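Given next, in structure tokens, is a single chain: the form predicted on its own.
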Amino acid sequence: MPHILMTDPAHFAVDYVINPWMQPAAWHGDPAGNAAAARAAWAALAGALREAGARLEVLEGVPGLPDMVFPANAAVVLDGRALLARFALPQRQPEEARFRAAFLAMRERGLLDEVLELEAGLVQEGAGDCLWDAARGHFWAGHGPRSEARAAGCIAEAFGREAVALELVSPRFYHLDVCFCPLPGGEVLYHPAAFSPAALRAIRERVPAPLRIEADAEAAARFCLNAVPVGRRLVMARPPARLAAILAERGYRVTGLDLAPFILAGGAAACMTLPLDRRSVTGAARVPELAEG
């Protein structure tokens, strides 16, 4: 039963602009209605994850910190270790102390073994820019808009696992988890326009063509790549029919949700979740076999 961290949406709002998707004017055109819609969307996501078999750990939100509802950016977690994030922008930096306290409390409860810090001054925005690929036994580490390239080395050292650096080149895809999603069957769902040529080469060198699923601009704009895999279930913002059909052909069951209130802030299902119990046991043996074939 996967264990996933979420933050309640009681204090969520869209009050500022720190990415191209954020629309404070749309939010404040009907703040009460949008807040109610956000609570309903959050509850639908939580319900879908529980239905898929996940157990949820829910943090309380904090007034004045609306983006705490996106705990994916709080840390990188693997093998009982949590490497705390450091935010690039002042709007989110006050979240650091709150999340640090929450992770230390989880350590005291036995939910985590260690809580680690980045080296001084290094900026890295958690699992938003660092995705574990269980099929290959390594991390994919995004850098560019929010996280530094050298963070990949710090992550590799902290967890003893390779971290493959991927440069993001579009402000619209400011975190790796909005344009890239490793899937449980070894496939990688990604939006090529988000990446530098060197990053695309790195993806293509490590992921054989039969396992690469290229998502178009429509799917990316709907935040469908910001998905949460739970076994063969994929929980995501409502996908276009074409993407839903591709994933169904691969044997995935897609649960599409209306996450529009959170997309107004530039986030969706993966941004709103952080797996706490991932382990570095991999099924990587089948991937080289595909590559050789």
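In this text, all values refer to a predicted model and were calculated from it rather than measured experimentally. Residue indices: 1-based, along the sequence shown.
The same protein also exists as the form predicted in complex with a small molecule; that form is not shown, yet it is the one meant from here on.
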{"query": "One residue of R92, H143, R136, H191 in contact with the small molecule, assessed in the model of the complex (non-hydrogen atom, 4.5 angstroms)", "finding": "R92"}
{"query": "Per-stretch contact check against the small molecule in the model of the complex, the hit in 47-55, 31-39, 244-252, 65-73 (non-hydrogen atom, 4.5 angstroms)", "finding": "65-73"}
{"query": "Touches the small molecule in the model of the complex: C271 (any heavy atom, 4.5 Å)", "finding": "yes"}
{"query": "The small molecule contact in the model of the complex: F99, any heavy atom under 4.5 Å", "finding": "no"}
{"query": "Partner proximity in the model of the complex: F180 to the small molecule, non-hydrogen atom cutoff 4.5 Å", "finding": "no"}
{"query": "Contact of A265 with the small molecule in the model of the complex (heavy atom, 4.5 Å)", "finding": "yes"}
{"query": "Check all three, W132, P184 and L276, heavy atom within 4.5 Å of the small molecule in the model of the complex", "finding": "no"}
